[in-house]
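One chain is shown next in structure tokens, namely the form predicted alone.
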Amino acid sequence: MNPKTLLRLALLLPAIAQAASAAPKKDYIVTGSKPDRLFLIDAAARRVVGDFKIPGAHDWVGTIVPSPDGRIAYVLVNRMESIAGIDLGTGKEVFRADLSSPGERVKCLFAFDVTPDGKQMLVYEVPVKLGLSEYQVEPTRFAVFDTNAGLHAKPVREFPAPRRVHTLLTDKNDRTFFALGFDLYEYDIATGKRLETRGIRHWDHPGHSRPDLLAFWPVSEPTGIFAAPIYSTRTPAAGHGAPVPVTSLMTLNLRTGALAYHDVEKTSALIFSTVLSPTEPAAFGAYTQLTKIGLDPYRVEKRVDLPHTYYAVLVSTDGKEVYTAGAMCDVTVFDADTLAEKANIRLPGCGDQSVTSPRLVRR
């Protein structure tokens, strides 16, 4: 290569780098499957662009929490006893928190999250002391880790937690977080002080029984609002007769803390998880059917049968597509308006997604 060509390349490289950095971000789906796989899917291209092996997964891939910049996926592995941080560009493990230690077995029952600044991780821990002839149940706790702690991360602080927590959601103001269980608890991240307790099982929803909630999928993207179906029975309008099973939608705004419940329908189909549209007053729910729920008023707008059970549902940033995932080894794409199937993406190796929680990231 002659000197003039080298000079031209040298002058062009900064411009090329700047153009690449300014390239518009795209939607990617992050999901995992047994025994030890993490996948990155280009949603628009309908293809898997990253297939990574998670070290020390031990045939268990659970909750996925992406970093705020979409660069790292933190994954609950090792039968709920470890959290691995995987770089979504290289597949390299860049973070590892092994929760158990000699003499103490610690499980994280699905519930952990990363703060909006990406600097800290909050983990709900259920510890048991291992004696020679007995196990001693210890108090549940929250543990805080620095995400830059590398492959041998240890808690920088711990504080008491209630039992029966299954989801953690950080407030977008970086000061508090929500713990979801029998009730909704809000805590100060820095001090560990419980700030507020609001009802879930002890909700204020007149005419309804104590509800049931299965909210293991901590999805709030792209709206910043967490949504989950919640089930109860309602007193008939006549005031007498058999109670009516009813499906309601619970929403928690992670910016304002606003918590709301709205009845959707007399329960006719089970919904495991829901997500809110960023562009219209609608929610989408999945299990054996894909359901579109209108929010003004609250009602079922459309419902279609799915080819098999899907535990999780996501929606694109532009609100035009819905993705069902979880359970088996594929991700299916639907039109958000008509619920017509547009594409099906099969995961390499066809491993079971099972208890993982697929997430949407922008990169």
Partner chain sequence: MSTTSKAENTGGWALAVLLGVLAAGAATRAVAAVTATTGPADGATLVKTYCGACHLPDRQGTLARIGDERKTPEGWVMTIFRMQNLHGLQLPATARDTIVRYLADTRGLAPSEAAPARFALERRPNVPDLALPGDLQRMCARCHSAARIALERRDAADWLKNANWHLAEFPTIEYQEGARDRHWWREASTKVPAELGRLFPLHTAAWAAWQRHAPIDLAGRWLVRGDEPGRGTYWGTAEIRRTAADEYRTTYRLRFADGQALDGQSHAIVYTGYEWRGTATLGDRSTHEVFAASPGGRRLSGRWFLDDHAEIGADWDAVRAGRAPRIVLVSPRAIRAGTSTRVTIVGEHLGGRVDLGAGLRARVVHRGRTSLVLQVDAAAHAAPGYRTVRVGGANAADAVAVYDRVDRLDVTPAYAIARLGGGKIDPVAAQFAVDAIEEIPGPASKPQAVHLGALPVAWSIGPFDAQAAHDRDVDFAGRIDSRGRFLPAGAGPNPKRPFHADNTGNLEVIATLPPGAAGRPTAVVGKAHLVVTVQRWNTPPIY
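Values in this document were obtained by computation on a predicted structure and should not be read as measured data. Positions refer to the first chain, counted from 1.
Keep in mind the form predicted in complex with the partner chain is missing from the figure; the text below concerns it.
- Of the stretches 84 to 92, 157 to 165, 68 to 76, 188 to 196, only 157 to 165 has residues with a heavy atom within 4.5 Å of the partner chain in the predicted complex.
- Although the partner is absent from this view, Arg175 stays clear of the partner chain in the predicted complex, with no non-hydrogen atom inside 4.5 angstroms.
- Proximity of Gln136 to the partner chain in the predicted complex: non-hydrogen atoms within 4.5 Å are present.
- The shortest heavy atom separation between Phe334 and the partner chain in the predicted complex exceeds 4.5 Å.
- Although the partner is absent here, Asp296 sits far enough away that none of its heavy atoms falls within 4.5 Å of the partner chain in the predicted complex.
- Proximity to the partner chain in the predicted complex, defined as a heavy atom within 4.5 Å, holds among Arg201, Lys119, Lys266, Arg255 only for Arg201.
- Scanning Ala260, Leu151, Val128, Val244 against the partner chain in the predicted complex with a 4.5 Å heavy atom cut-off leaves one residue, Val128.
- The three marked residues, Phe182, Trp217 and Leu270, each reach the partner chain in the predicted complex, with a heavy atom inside 4.5 Å.
- Scanning 92 to 129 for heavy atoms within 4.5 Å of the partner chain in the predicted complex gives Arg105, Lys107, Leu109, Phe110, Tyr124, Val128 in sequence order.
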